[in-house]
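In the block that follows, a single chain appears as structure tokens, in the form predicted on its own.
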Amino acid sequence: MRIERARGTRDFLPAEMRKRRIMEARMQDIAERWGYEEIRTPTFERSELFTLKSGEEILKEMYEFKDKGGRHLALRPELTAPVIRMYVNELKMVPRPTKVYYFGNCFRYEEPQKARYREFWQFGAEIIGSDRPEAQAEIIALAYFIVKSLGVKAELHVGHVGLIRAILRDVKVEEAEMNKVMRLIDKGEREEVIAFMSEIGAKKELIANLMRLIDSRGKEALEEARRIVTSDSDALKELEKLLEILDYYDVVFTLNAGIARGLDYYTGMVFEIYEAGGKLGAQNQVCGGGSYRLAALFGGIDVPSTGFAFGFDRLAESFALEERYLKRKEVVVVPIREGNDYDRDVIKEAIKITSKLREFFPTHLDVMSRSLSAQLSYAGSIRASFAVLVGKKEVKEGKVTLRDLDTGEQAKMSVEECVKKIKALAV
């Protein structure tokens, strides 16, 4: 019986895994050079970790279950909550700020779409202990330079949910209603925002001001914020300081007052990065983040945090592997058979040579007792670059025959010379 993979999941073949590992290594390298340390959390958590901040409704979108002890557990749908849970449990005594990064798979029971799966991966980073403009600017710049290192054409948009909340707070909009407005703005549902604001008794002038603010971009957005938001607004002052520091990082961005992120726990700066090369269509967001407070909700003290998460799968759809990675310089060691079996001295020497070459190159050794022609045919099928032939003559002379499979040229030489030759040709 043929068993298909579960819906919303994927098998990653060698070429795709090579691409994903290269991406992951680049992202990790930048995070570590910026002073962030890697952490990892469990694949499943107690379900209340997610319902505490998002409500019971989120269970419909999760893989949740009871274990044999009756505990209500869930496969993690995202990684921010587990990271803050880890901080509260394990890291609260370390010096602040705590700077961490992570990479892991997450699970959501939702309709699969292009670059959107039920099992997906996130790469993210958090500064726990600060949400000041300096921390906000660093986290945005880190995400920006990670995307840049991958060569993905992208646009960075920066906003501040405090601006919208300040406008709503000035007219005494209650917290629950405010959160609903934020979620509608995040979904881009302009008409619904206007209808709901009218329903709760907001004046037409306020609604017009709010819509102008969330529709504005760049310098116009900042001018609108200065005009509409009260002059003593902490949100506006924080945003102005953030934009100033981002300029010091040489980060190219668009101020977008309409970014709401839709999650109640964001408290200040928010940002999103969109793929701008047309590879993802309308669903082109590859990164999102901002400043938030979750630690107190999970039993810790009220510690501010700033972070982001990349949708790694969407990023992978946009990432083009450089030509030099498409074909690895692989080597095949070919023990030459005589009769029905290998000569013991030949196979012994072939294994020694293979072990030596594996210190430097991806190297294959025949394990199927094939003939010389069959081994060379296999080398061609896997697009190997070199074949190292080992027969009785080579063993007797203490040499190998190196064949360049791209040119067909070959020559006898010592193993040391063989290593040097392949290194020179494999550049």
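Note that the structure is a prediction, hence the values are computed from the model and not measured. All residue numbers are counted from 1 along the displayed sequence.
From this point on, the text means the form predicted in complex with a small molecule, which you will not see here.
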Check your understanding: Quick one: does Q122 come within 4.5 Å of the small molecule in the model of the complex, counting heavy atoms only?
Key -> yes
**Study point:** Exercise: F196 in contact with the small molecule in the model of the complex, heavy atom 4.5 Å
**Key:** no
Practice item. Mark E174 yes when one of its heavy atoms lies within 4.5 Å of a heavy atom of the small molecule in the model of the complex, and no otherwise. Key: no
Check your understanding: Y117: heavy atom within 4.5 Å of the small molecule in the model of the complex?
Key -> yes
Practice item. Would you mind picking the one in Y87, F310, Y101, Y144 that has a heavy atom within 4.5 Å of the small molecule in the model of the complex? Key: F310
Revision key, fill the gap. In this chain shown alone, the residue from I128, V333, I167, C287 with a heavy atom within 4.5 Å of the small molecule in the model of the complex is C287
Check your understanding: So which stretch, 278-286, 240-248, 349-357, 151-159, is the one near the small molecule in the model of the complex (non-hydrogen atoms, 4.5 Å)?
Key -> 278-286
Review point. Has each of F12, D29 and N105 got a heavy atom lying within 4.5 angstroms of the small molecule in the model of the complex?
Key: no
